[in-house]
Every structure is written in structure tokens, then in C-alpha cells.
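The form predicted on its own is given below as one chain in C-alpha cells.
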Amino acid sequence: MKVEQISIFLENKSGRLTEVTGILAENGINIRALSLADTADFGILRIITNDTEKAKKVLKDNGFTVGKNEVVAIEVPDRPGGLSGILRALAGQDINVEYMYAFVQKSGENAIIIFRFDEIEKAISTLQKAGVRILRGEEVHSL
């Protein structure tokens, strides 16, 4: 029920994102989802790829600082209130959303939201009890 994601720390300078995406492309690694956040000095690129271990290795081999962690991918209806329903299911459970990002494959169908929770097992259990569809890692990596 968990999805492997890698985080790449990037200096906040021109060309670094191009370098990362080029390395992944040259090694046949496909990005399935991504999020980029920045500060004044550096950015954090969070990606889910079709091959987590290979992506992590080739980026490290090219001098990037890379970490791996687990996130949860859930499917929600692509309509107003879809996210609100998910957050309501978590309300009152003492579960923090550390960050999240989303994508839609086809408009009007289901969206996929990637969550990083402070208590991942508790979040998964709570969402399952609420009838939320949680995607397996293989499903997300092979999108």
C-alpha cells in the first residue's frame, strides 16, 4: 500500500532540473509523478519513477544528494469535494499531512493524490476503513 518516492536536493541555480531529467531520460527512467518545492538556496524535487532503485543510483552516481521514502497514493473522484472527502476521513485522527501533490490522468475521471503522512500506517488504516482506494506501489510505478 506504500509507494517509493525519491527526493533530490537541488541547488537553486539554472540548469539543475534539466540535468536531473536528462540523466533520467538517458537511463530509460520514466517519471510517473513529481513535485518541486524551493527555498532561497535549494529545491527539493520529489519524484516517483518506473524504477526507483535505478533512478536513485544514477542520480547519486552523478553527484546528486538523493533520499528515498514512502508515500501513500490514493484515488479520488476528479470533481469538486474529492480532496475534501479524503481530508474529512482523516480529521480527528491525529494524522498530519506533511505534504501532498496530485495528478489527473484523464479529465473527469479519477485523480491520484500522493500523501506523505507523519503516521503512515495509521493513515492507511483510517483511509481503508473509510473505503478510500489506496494504490499499490506497482500500480503507481507502472502508470
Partner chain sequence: MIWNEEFETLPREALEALQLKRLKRLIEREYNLVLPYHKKMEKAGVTPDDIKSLDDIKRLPFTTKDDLRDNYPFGMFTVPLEDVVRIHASSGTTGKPTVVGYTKKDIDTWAELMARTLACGGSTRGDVVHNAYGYGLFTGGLGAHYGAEKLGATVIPMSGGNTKKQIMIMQDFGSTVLLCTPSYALNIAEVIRETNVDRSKLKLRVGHFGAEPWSENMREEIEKKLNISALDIYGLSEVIGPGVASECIEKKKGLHIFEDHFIAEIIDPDTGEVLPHGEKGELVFTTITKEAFPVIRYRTKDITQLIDEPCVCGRTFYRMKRVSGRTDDMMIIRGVNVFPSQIEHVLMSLEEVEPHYQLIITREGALDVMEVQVEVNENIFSDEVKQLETLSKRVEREIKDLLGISCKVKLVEPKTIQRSEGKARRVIDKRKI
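Since the structure is predicted, the reported quantities are computational estimates derived from the model, not experimental observations. Positions refer to the first chain, counted from 1.
The discussion below concerns the form predicted in complex with the partner chain, not included here.
Only one of 79, 60, 88, 54 comes within 4.5 Å of the partner chain in the predicted complex through a heavy atom, and that residue is 60. Although the partner is absent here, residue 67 lies within 4.5 Å of the partner chain in the predicted complex, judged by heavy atoms. Interface residue remark: residue 26 is not counted as part of the site for the partner chain in the predicted complex, having no heavy atom within 4.5 Å. Contact annotation for residue 11: at least one heavy atom lies within 4.5 Å of the partner chain in the predicted complex. Proximity of residue 94 to the partner chain in the predicted complex falls outside the 4.5 Å heavy atom cutoff. The partner is not shown here, but in the predicted complex the stretch 109-143 reaches within 4.5 angstroms of the partner chain through a heavy atom at 116 alone.
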